[in-house]
Structure formats: structure tokens, C-alpha cells
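Given as C-alpha cells, the chain that follows is alone and in the form predicted alone.
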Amino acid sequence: MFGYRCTLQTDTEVITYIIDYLVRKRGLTLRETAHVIAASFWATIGQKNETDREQETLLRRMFPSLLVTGPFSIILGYEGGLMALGDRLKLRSTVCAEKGDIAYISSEESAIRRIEPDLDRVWSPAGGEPVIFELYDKEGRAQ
């Protein structure tokens, strides 16, 4: 589908190709890509503000075959940062944390605390909620 050849035949390979297709070939942002891969349920979309509702409805209708319905938790590294994304049902856990200008992502808080016990912020994002850590601000300066 979309010209990709899956040679490893793993879900990780498929998700990688989906992200490549949406970001590189179609020009979607990482947030938009997250709303395709881990799209909100229709009932949830209906409760959002008008702008978000329209955007998420459009994405669901444009890319219905790219919704990943099984359990997953991914960390995507890209030039300029990291994105963490878990499935919309939270079948796989994702924990994020910050200490100063250092970001942490793991499936368990205990793994993060093993590295840094005194964190500034720890949270578990909602299912399908992307967490994006940027290395640079909008002007291209290191954060």
C-alpha cells in the first residue's frame, strides 16, 4: 500500500512507513500524524471545539486505513526532537518526565526514576495524545 514494501513484516515497520508517508510525502505535522495513527473516537471528536473537531474529522475521513487499532507505544526520533505516542485505548503505557531541559520517555516511571530520582515533572499522557519534545524553539535556537 502506498508503494512501500514490508520486508520485516513487523508492526514497527508498518508504523514507520505510515509516519513517513504522512509526514514526508503528505506534509502533515507530527500532531496531525498522531491524530491519524491514534485517532480519537468519533464521540470524543464530537465534544471538541469547532476547529479541532473539523481538523480531526477531516483527518479521519482522509486516512481511515492508517488508523492503528492495536496496542502500541512508540518513540519517534526526528531531526529536531522526539515524539512519544501511545494507542488511543492506553493498552500500552507511556510515561514522560522532565528535569530541567532533559526529557524522559519510558513505559514505566520507575525506569525514569532510576536515572533521575528528582524530577521536575512526571505525567502519563492520555491515549492517543502525542508528546513532542523539541530541541529548538521556533526561531531555531537550542532549547
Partner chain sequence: MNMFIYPEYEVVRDENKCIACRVCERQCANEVHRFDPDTGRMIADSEKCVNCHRCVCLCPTHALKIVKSDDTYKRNANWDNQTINEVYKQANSGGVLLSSMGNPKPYPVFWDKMLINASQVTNPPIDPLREPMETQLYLGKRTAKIERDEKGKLKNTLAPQLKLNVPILFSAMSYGSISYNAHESLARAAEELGTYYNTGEGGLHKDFYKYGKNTIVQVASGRFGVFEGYLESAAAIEIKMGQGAKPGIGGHLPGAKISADVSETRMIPQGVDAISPAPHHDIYSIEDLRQLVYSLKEATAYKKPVIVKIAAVHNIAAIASGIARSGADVIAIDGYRGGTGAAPTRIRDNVGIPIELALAEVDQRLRDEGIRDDVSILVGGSIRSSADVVKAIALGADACYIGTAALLALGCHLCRTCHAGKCNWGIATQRPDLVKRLNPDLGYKRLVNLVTAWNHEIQEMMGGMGINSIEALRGNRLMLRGLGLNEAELKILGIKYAGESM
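Since the model is a prediction, treat every value here as computed from it, not as a measurement. Residue numbers count along the first chain shown, from 1.
What comes next is about the form predicted together with the partner chain, which does not appear here.
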Exercise for review: Tell me whether Leu85, Leu119 and Phe133, taken together, all sit within 4.5 Å of the partner chain in the predicted complex, counting heavy atoms only.
Suggested key: no
Exercise for review: Sort through 93-101, 73-81, 39-47, 107-115 and report the only stretch with a non-hydrogen atom within 4.5 Å of the partner chain in the predicted complex.
Suggested key: 39-47
Exercise for review: Tell me, yes or no, whether Thr12 is in contact with the partner chain in the predicted complex, where a contact means a heavy atom of each within 4.5 Å.
Suggested key: no
Review point. Taking the shortest heavy atom distance, is Arg26 within 4.5 Å of the partner chain in the predicted complex?
Key: yes
**Study point:** Partner proximity in the predicted complex: Phe2 to the partner chain, non-hydrogen atom cutoff 4.5 Å
**Key:** yes
Study note, to complete from the structure: When the partner chain is considered in the predicted complex, the residues of 53-92 having a heavy atom within 4.5 Å of it are Gln55, Thr57, Leu58, Leu59, Arg60, Arg61, Met62, Phe63, Pro64, Ser65, Leu67, Thr69, Gly70, Pro71, Arg88, Leu89, Leu91, Arg92
